[in-house]
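Here you get one chain, nothing else, as structure tokens; it is the form predicted on its own.
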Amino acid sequence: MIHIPALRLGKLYKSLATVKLVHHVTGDSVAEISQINGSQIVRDISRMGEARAELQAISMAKMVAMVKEAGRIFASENLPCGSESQSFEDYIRCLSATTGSPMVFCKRNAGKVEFVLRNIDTILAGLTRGINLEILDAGHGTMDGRTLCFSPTCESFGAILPSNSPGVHSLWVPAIALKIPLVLKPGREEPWTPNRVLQALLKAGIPPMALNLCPADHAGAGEILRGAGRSMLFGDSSTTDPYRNDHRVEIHGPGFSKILLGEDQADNWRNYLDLMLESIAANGGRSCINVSGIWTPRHGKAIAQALGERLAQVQARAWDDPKAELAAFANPDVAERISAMADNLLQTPGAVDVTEKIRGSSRLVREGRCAWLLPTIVNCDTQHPLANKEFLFPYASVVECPQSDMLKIIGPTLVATALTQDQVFRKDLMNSKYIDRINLGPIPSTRLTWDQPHEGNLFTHLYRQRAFQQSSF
């Protein structure tokens, strides 16, 4: 069995307190993870000023080169995983074993992490809006005849990470390239990706003191959020809501992403069926950028029926099946609770589970230790509680709503794919306060341009621009 130690100030730390990880299918032990407590985290964070000084001594050009090299190492070399040496293929198998995410998903999402590491110069250009990165070396400089000055908002960056998809780890990677030390709490079932990224960064030459992997309980997570000057938090509403108004914490919670059909395209909905399916079901529907709502002025029942007929064909498959389209729940009780929640909401008049009628069976599938939730399409009205609900599996409501009312009632929307050529509606979309990212035209919500942040901007989270003048003596 693999033992994964904590990484404290770049040094491995084996604790007497451990958590065991088991294979989601067999129940066999796969790994144990050393746990550290809140006081240890507080002590380590207190030394992040030293780590920040080490990073500051390295030029941005060299930092970028090292992170790009880490991308190559991450995807191709054997790397330490505790006392063992782990290949990329072994990493994928372990990742799938403890999270329930199929190997095909794990490999695809690990590719996103590799891409961000290898293309960190492009990512930083998008985050910084193209400033000359050498300005961050001195803290000030000129660009296009303007004086620019930036100062860090923190001495360390913390991240409370999830277990549902390794792709999310691409979001914190730019912090180290921006010379901010990392304090990471991995998801309980997913220490594999942050550990592998940190080991790749170490091998590429990043100063060890700036790299910290802190497996901990809820109290330890709280110490990271309180102690790190800036942080990133993943979770559902119950986890993220307490930090909603804390400017130090960048929230990555439910996305409530949507596809909006304009009056001019509603009759052409069949042309966009594949787009809708990809947006709903890609990556097993587990991302905040997956669509959880289709809003249309008309043809709601027909759209729901067509989506239901296609998605009702999706089956639960084994974790190592290359055709797998769904992620298993490593804890079947979670799947049962989610399904029961959906069923309870369906008791409210005004909603129909179209997929269940087509399948003739429940969305919940149990087999041994595993459980899956089959795709669910609900046709409902705008006031129904399922109209703006998000679940951790392929789910979407189809809602009929006049175009003139859509932007008034859709609520917070991380990604909106707007299918319309109506220039007035497009202008209204661009001015909407509810939408974070807008795709104008037939672009799946799950397809990102990596040089543009889809939720928050890590650079402005970690640096602030300030006025600066200097005079010669």
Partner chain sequence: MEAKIKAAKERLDAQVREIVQWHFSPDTGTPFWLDKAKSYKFNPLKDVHCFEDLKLFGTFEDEWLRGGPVQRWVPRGLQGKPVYVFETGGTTGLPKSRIVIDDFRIDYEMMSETLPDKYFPRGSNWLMLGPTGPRRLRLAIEHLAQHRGGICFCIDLDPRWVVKLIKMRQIEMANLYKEHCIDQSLTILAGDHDIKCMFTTPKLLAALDEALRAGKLEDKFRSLGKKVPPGGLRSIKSCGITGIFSGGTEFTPEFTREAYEEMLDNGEVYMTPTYGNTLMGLACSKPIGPEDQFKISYYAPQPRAAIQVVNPKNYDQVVDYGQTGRVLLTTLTMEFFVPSFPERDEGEREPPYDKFPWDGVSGVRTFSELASSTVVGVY
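Positions refer to the first chain, counted from 1. Being a predicted model, the structure only gives us computed values, none of them experimental.
The same protein also has a form predicted together with the partner chain, omitted here; what follows describes it.
Residue contact with the partner chain in the predicted bound form: residue 130 places no heavy atom within 4.5 Å of it. Although the partner is absent here, residue 35 lies within 4.5 Å of the partner chain in the predicted bound form, judged by heavy atoms. For the chain shown alone, residue 53 is not a contact residue for the partner chain in the predicted bound form, no non-hydrogen atom being within 4.5 angstroms. The partner chain in the predicted bound form is approached by residue 13, whose closest heavy atom lies within 4.5 angstroms of it. Residues with any non-hydrogen atom within 4.5 angstroms of the partner chain in the predicted bound form fall in just one of 309 to 317, 166 to 174, 371 to 379, 235 to 243: 235 to 243. 43 is the sole member of 43, 427, 62, 447 with a non-hydrogen atom within 4.5 Å of the partner chain in the predicted bound form.
Of the listed positions (118, 226, 299, 140), a single one reaches within 4.5 angstroms of the partner chain by any non-hydrogen atom in the predicted bound form, namely 226.
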